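Single chain ahead, written as structure tokens, the form predicted on its own.
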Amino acid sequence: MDLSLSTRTVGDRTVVEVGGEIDVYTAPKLREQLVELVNEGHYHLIVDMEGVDFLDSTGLGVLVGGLKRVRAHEGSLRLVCNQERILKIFRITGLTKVFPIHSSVDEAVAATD
């Protein structure tokens, strides 16, 4: 399966909607998108993972790299996910302590940094 990406702005946040699989083959596409957004001055990102079917360690690495990039600009990276199989990966790796994870884009937009 391929990876689909789209972006939109909600208030002062940029939402990246991700669909499909984030793995060793597709993660570079997500990395490029996050780097491009930060380079364009978008430092408050929300990655909507509701459409993600699979996430591996390469995908986790891309998300951590994105978080480091926005934090270098006093920004934030929030995740939207309520799929148990994906949330389990964040719990097992301890990344629930690193990423704010929300159940909806609206909740993530309303959250303060």
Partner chain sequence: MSQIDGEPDAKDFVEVRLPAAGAYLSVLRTATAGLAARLDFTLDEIEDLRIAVDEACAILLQQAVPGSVLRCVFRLVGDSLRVTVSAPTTDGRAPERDTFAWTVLSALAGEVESTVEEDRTVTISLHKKRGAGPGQP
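Small disclaimer: the values here were computed from a predicted structure and weren't measured. Positions refer to the first chain, counted from 1.
One more form of this protein should be noted, the form predicted in complex with its partner chain, which is absent from this view; the next part is about it.
**Q** Might D53 be said to contact its partner chain in the predicted complex, defining contact as any heavy atom within 4.5 Å?
**A** Output for D53 is yes: heavy atoms within 4.5 Å of its partner chain.
**Q** Quick one: is V105 in contact with its partner chain in the predicted complex, heavy atoms, 4.5 Å cut-off?
**A** The answer is no: V105 has no heavy atom within 4.5 Å of its partner chain.
**Q** Taking the shortest heavy atom distance, is E17 within 4.5 Å of its partner chain in the predicted complex?
**A** Result no; E17 lies far from its partner chain in the predicted complex.
**Q** Heavy atoms within 4.5 Å of its partner chain in the predicted complex: does V70 have any?
**A** Result no; V70 lies far from its partner chain in the predicted complex.
**Q** Considering its partner chain in the predicted complex, find the one stretch among 43-51, 74-82, 30-38, 56-64 with heavy atoms no farther than 4.5 Å from it.
**A** Within 4.5 Å of the partner lies stretch 56-64.
**Q** What residues in 12-44 sit within 4.5 Å of its partner chain in the predicted complex, counting heavy atoms only?
**A** Contacting residues: E21, D23, V24, Y25.
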